[in-house]
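Only one chain is shown below, in structure tokens, and it's the form predicted on its own.
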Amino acid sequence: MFIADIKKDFYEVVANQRVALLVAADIDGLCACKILQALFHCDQIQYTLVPVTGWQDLSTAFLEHKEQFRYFVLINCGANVDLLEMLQPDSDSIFFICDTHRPVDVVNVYNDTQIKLLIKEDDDLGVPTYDDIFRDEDEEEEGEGSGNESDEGSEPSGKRRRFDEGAIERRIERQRAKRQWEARRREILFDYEQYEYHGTSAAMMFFELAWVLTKDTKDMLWWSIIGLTDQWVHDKIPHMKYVSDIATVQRHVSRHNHRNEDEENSLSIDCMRISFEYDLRLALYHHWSLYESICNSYYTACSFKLWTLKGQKKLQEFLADMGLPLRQVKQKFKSMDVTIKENLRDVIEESSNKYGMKDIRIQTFGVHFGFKNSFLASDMVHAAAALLESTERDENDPTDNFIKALDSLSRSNLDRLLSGIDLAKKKLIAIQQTVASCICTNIILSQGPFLYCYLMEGTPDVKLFSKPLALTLLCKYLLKAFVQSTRNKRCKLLPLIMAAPKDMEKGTVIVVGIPPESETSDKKNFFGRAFEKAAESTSSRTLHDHFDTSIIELKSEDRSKFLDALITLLS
């Protein structure tokens, strides 16, 4: 059931209770969690935080906590499956679900006792009507019962036969109508559940709650901005959706900045200022050298085709066109000449237009902590994602990584954030090198209805790409690069499936599917249903444990028959 009044139907209900927070391991989930934690601290609401990485984790966490808790808040998980069927909870357990995954399962939508959805109904959900997918059995039983009454009583046999014939015809008619209704229901549900996509950021939903409660702070606003930026960085929402959400957040930023203008401490050493920026699409360039950022940002790397000698030469021409000395470009951004930095964005934009990069700038937000530290929202996303999926030695515990990523979002933990930025640089370099080697060695194969790429065991950084966020990012960068480099027009319109080794000992691979590359695409992904059907038809040993249905695990031996089934299914 959708909640109309988030303050009355959610916050005031849990205000005097102990709450279990089950949070999915993604950046938007982390930010939503930070906002909710801050609100709970304000009102001294007791809660237990449990990070969950997949459906099995979610089931285990629920079993462990169902005795102590009656109220469960699920962040970025739980909306796109029949939750009651999966968890089998007691009838007094209540689930509040704030999840960006779409489509929302119809049983969750129409259950008005235990499932409460903190999801905007105006999010273009297209939920089928109740009568199209649920049917009362009472009518059928009544109808079927009426035919049997004729056996009792003492009518002459002729009358009884005629009465029976009428009842049989009515029953046949009812059965035909029921079959037609069921066929129509299957069709409606198939159309509704066919594509997976994402809705409004969970962090933005909880920021709106804070605003309604008049408890919103600048920190909460910044976390909601990071949650929205995560959806843009990981390519989860269409560009128009991003722009309209940015406009919503912009109003809140103006309101907060206006509110703080009169305060005396607005320039104190520990103050926080959020500003709207029309900034460059260069990853982490404030914390890197400009040269390295251009080389390792997918937008510029794909535009120049930096994996070719011609592309490298083009980059040198681009830098010369801007009139920037190599010595300046290759040193840390913070150490660059102040006169160069002053109008750098305009200079880069002007030269980018000549080289066909019309969208080098993007609407985003930046933050200043005191006088020294400034970060863009995308810097925070990259840093938190790198900490969340860290594969450094002794850092393979998902819960530990979750807590570190959560810490990096607090301004009191700048050291953790800076270590995340260093990890993010390594990750971006690894992605760029892998993209270059995949294209130069031609391991992206056209399989008919889709492109396919498999990272072999022994590939550098293959351990990093056993993680879902890193592999998805690699997949998106690789598809953009392939579209730029191929001359085959048909291949430019194909989706991409990518597989990488997950666990050598168990012999499993992780498989990700993404929709075709297009600036105007609606980011709807059909691979979730296709993976299920292909696994079913070939009895492949798969694990559909991830909250994104387009990410699965698969036994290495079953890879070829699974792919053959997918080709047949999608042809």
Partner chain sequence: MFCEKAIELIRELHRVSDGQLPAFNEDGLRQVLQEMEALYEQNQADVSEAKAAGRGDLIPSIKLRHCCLLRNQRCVVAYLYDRLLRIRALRWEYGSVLPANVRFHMSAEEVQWFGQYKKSLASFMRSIGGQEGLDVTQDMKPPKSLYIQVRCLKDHGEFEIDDGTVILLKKNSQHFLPRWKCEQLIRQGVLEHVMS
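Positions refer to the first chain, counted from 1. Everything quoted here is computed from the prediction, not taken from an experiment.
There is also a form predicted in complex with its partner chain; it is not shown, and the following applies to it.
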Of the options Thr113, Asn353, Thr399, Thr248, which one has a non-hydrogen atom that comes within 4.5 Å of its partner chain in the model of the complex?
-> Thr399
Out of Glu193, Asp132, Asp407, Glu208, which one falls within 4.5 Å of its partner chain in the model of the complex, going by heavy atoms?
-> Asp407
Three residues, Thr508, Ser537 and Arg541; all within 4.5 Å of its partner chain in the model of the complex via heavy atoms?
-> no
With a 4.5 Å heavy atom cut-off to its partner chain in the model of the complex, the contacting stretch among 61-69, 529-537, 24-32, 509-517 is 61-69
In the model of the complex, Cys271 touching its partner chain (heavy atom, 4.5 Å) = no
Asn442: touches its partner chain in the model of the complex, heavy atom cutoff 4.5 angstroms = no
Taking the shortest heavy atom distance, is His41 within 4.5 Å of its partner chain in the model of the complex?
-> yes
Spell out, yes or no, whether the shortest heavy atom distance between Ile403 and its partner chain in the model of the complex is within 4.5 Å.
-> yes
